[in-house]
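Shown below, as structure tokens, is a lone chain in the form predicted on its own; questions about how it binds or moves come after it.
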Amino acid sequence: MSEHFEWTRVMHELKRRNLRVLRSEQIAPRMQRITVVGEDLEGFVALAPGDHVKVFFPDPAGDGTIFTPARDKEAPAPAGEVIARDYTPFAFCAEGEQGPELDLDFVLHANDSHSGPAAAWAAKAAPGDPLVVAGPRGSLVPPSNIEEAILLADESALPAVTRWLDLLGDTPVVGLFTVDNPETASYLASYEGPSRNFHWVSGEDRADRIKTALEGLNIGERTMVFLAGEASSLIPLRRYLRRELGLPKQQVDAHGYWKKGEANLDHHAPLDPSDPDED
């Protein structure tokens, strides 16, 4: 089986980068792309679709100061609240108009009162606003012998989907995407192609429909399955793949990016704590 899939871990120098907003643009319904620049982006590396950076935001109730953790145990604690979230870099350009540029995509909330600090910041970000970015700490590079892929994601994981698509090239891909707004499909319009079969599912029953669609696919020994988005909704999908189909962990790349009712989910935490074989 796909024990022949070999993932490669590459570690990077962990650097804290003081950056500023260059531009902000809406790229799809409730999707905002923030481009940041700064000399500290020199040497930025993100090799794999699952790479993430830690983004530090100002306290909405404060004076705009961005607080970051102390660099070592002997350093004094930050004077204010540290507000940080993990994001997958959408793209990095080493030679932009004002030097290196990093694109980060944010999901905005339809109701501002429901927005967390990251979405609230992204909705109002303007050129010149400061932002602190750290990482990636490392990259887990996927196998090079993938023959086909299934990418399952919600809005929060679409940047990672684009990175998978860039990596896979002409490899056949089935995309199963759950979104609030069907027009969010425009996010991947430029990634469509003859070897890519994208399905966009909206509505209250979208979790059930996605599971039905996944169960209808033929998954071979060299099929890579990527699952990312709201953590609770991914648990039955992962159980189906790992338990019912018996796929090895090298073949199922599952990540909970957020969780309903929980602020700042640690995406390193087990997706399914009740599963003794949790990755």
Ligand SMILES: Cc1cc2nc3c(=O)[nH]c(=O)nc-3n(C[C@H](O)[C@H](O)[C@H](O)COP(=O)(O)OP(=O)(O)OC[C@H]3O[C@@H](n4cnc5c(N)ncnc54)[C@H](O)[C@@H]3O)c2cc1C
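Don't overthink the numbering: it's just position in the shown sequence, from 1. Please read all numbers here as calculations on a predicted model, not as lab measurements.
One more form of this protein, predicted in complex with the ligand, exists but is not displayed; see below.
J.: Among 150, 165, 179, 107, which has any heavy atom within 4.5 Å of the ligand in the predicted complex?
T.: Contact residue from the list: 107.
J.: Counting any non-hydrogen atom inside 4.5 Å, which residue from 99, 116, 80, 138 sits next to the ligand in the predicted complex?
T.: Of the listed residues, the single hit is 116.
J.: So in the predicted complex, is the ligand close enough to residue 260 to count as touching (4.5 Å, heavy atoms)?
T.: Within the cut-off, so yes.
J.: Check residue 238 for me: does it contact the ligand in the predicted complex (non-hydrogen atoms, 4.5 angstroms)?
T.: Heavy-atom contact with the ligand at 4.5 Å: absent for residue 238.
J.: Using 4.5 Å between non-hydrogen atoms, is residue 267 touching the ligand in the predicted complex?
T.: Judged by the heavy-atom cut-off of 4.5 Å, residue 267 is in contact with the ligand in the predicted complex.
J.: Given that the partner is absent here, does residue 88 sit within 4.5 Å of the ligand in the predicted complex, heavy atoms only?
T.: It does: once the ligand is placed as it appears in the predicted complex, residue 88 has a heavy atom within 4.5 Å of it.
J.: Among the candidate stretches 130-138, 193-201, 153-161, 166-174, which one is within 4.5 Å of the ligand in the predicted complex when only heavy atoms are counted?
T.: Selected stretch: 153-161.
J.: Relative to the ligand in the predicted complex, which residues of 18-55 have a heavy atom no more than 4.5 Å away?
T.: Contacting residue: only 52.
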